[in-house]
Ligand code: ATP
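Here's a solo chain for you in structure tokens, the form predicted on its own.
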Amino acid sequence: MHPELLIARFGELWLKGANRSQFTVRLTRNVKGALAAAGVHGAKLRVDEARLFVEPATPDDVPAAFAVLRETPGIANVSACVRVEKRLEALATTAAALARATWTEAPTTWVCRARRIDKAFPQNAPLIERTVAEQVGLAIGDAWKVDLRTPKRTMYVEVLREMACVAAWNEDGIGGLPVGTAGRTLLLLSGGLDSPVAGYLAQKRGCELEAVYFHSPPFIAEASREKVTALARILGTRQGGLALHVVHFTEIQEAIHTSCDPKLTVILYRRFMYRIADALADRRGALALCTGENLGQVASQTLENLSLVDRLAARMTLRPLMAFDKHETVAIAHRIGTYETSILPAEDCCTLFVPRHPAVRAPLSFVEHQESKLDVAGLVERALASTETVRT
């Protein structure tokens, strides 16, 4: 017995009221794109009863489709189901057989949960649960213990209007909103741990990402660019690809190193990055910038120094990690598959020409005085003109 149908349930998306259909249409489009990218073709999708139903062309596609749904923003949880005749005896018999076939690990805790959407079905949810649980318990044996609070395994039974189904394979999704429903956001993407996680969290709140990466050849090797491209590709799986804008930053860094106070090196780098990112956002129709900045993590991320870059952009900057501890960021990086790439050894342009003791709380007047030594407009213009765009 193998699952044949996937049911993805909506979380807060279902609270959207009159404009709910806009969210479900976008979610369906995102899932179709992600399924195709995962090599799952020919699946049938439909939205009904606050759920997205996905029927793969073959049972062999169920695991890959399940993984796609689990990682799609806007989906609260996913079940791999078997269709059942709408009779209580059939529900109980099928659930017992499914438990025997799929719960093959060492005995642990379990529970049965039932929902009766079709109120014309003669038995109510508590009676369905008791009847099904009795048969499942006989099938798996006394070594498996019922736990109503924190079970390791759950047998779901749903009686819908058009059909009934049982599911022994269920996992939480990532929740949030479908990518693209909040508009376009430009992510300042480096090769580190933080910015990919920030981008993922922005996607989870409905932002469709483009990314900008600042590259400094010949001081920074091509391996760093390749690493960032790999991270962009991972983020792009949730939205059908991602445009990565590669800005050549060498001339700006050399000008700052030659003409300005070394203590301000990183702050001046960041101010140029924000100017360039803001200009790119204008061209690309991005409503916001997004960064992996975290309050107090490094010298450039004090409130005083962050305010020096915020004033340069004509749009808001999203900082999803602002109050995170590093271990929280690392945990998410592991979950979303960016950790192993982020920790690969590679240089970062922000470490180029950096002094031992950078300014922690630089006065705006001092920063502006140092920038007056530079052709700011010309440097920004030339950097924008040399920008390459790569589709990942």
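These figures come from a predicted structure and were not determined experimentally. Each residue number is its position in the shown sequence, starting from 1.
The discussion below concerns the form predicted together with this ligand, not included here.
- prompt: Among 110-118, 288-296, 126-134, 167-175, which stretch has residues with heavy atoms no more than 4.5 Å from this ligand in the model of the complex?
  reply: That would be 288-296.
message: When the contact criterion is heavy atoms within 4.5 Å, does residue 210 count as touching this ligand in the model of the complex?
response: Judged by the heavy-atom cut-off of 4.5 Å, residue 210 is well away from this ligand in the model of the complex.
task: Tell me, yes or no, whether residue 189 is in contact with this ligand in the model of the complex, where a contact means a heavy atom of each within 4.5 Å.
output: Residue 189 belongs to the contact set for this ligand.
message: Does any part of residue 158 reach within 4.5 Å of this ligand in the model of the complex? Heavy atoms only, please.
response: Although this ligand is absent here, residue 158 would stay clear of it in the model of the complex, with no heavy atoms inside 4.5 Å.
message: Even though the partner isn't displayed, in the model of the complex is residue 300 close enough to this ligand, meaning a heavy atom within 4.5 Å?
response: Judged by the heavy-atom cut-off of 4.5 Å, residue 300 is in contact with this ligand in the model of the complex.
- request: Name the residue from 82, 92, 276, 193 that puts a heavy atom within 4.5 Å of this ligand in the model of the complex.
  value: Contact with this ligand in the model of the complex is made by 193 alone.
task: Would you mind checking 42-74 for residues with a heavy atom within 4.5 Å of this ligand in the model of the complex?
output: Nothing in the stretch sits within 4.5 Å of the partner.
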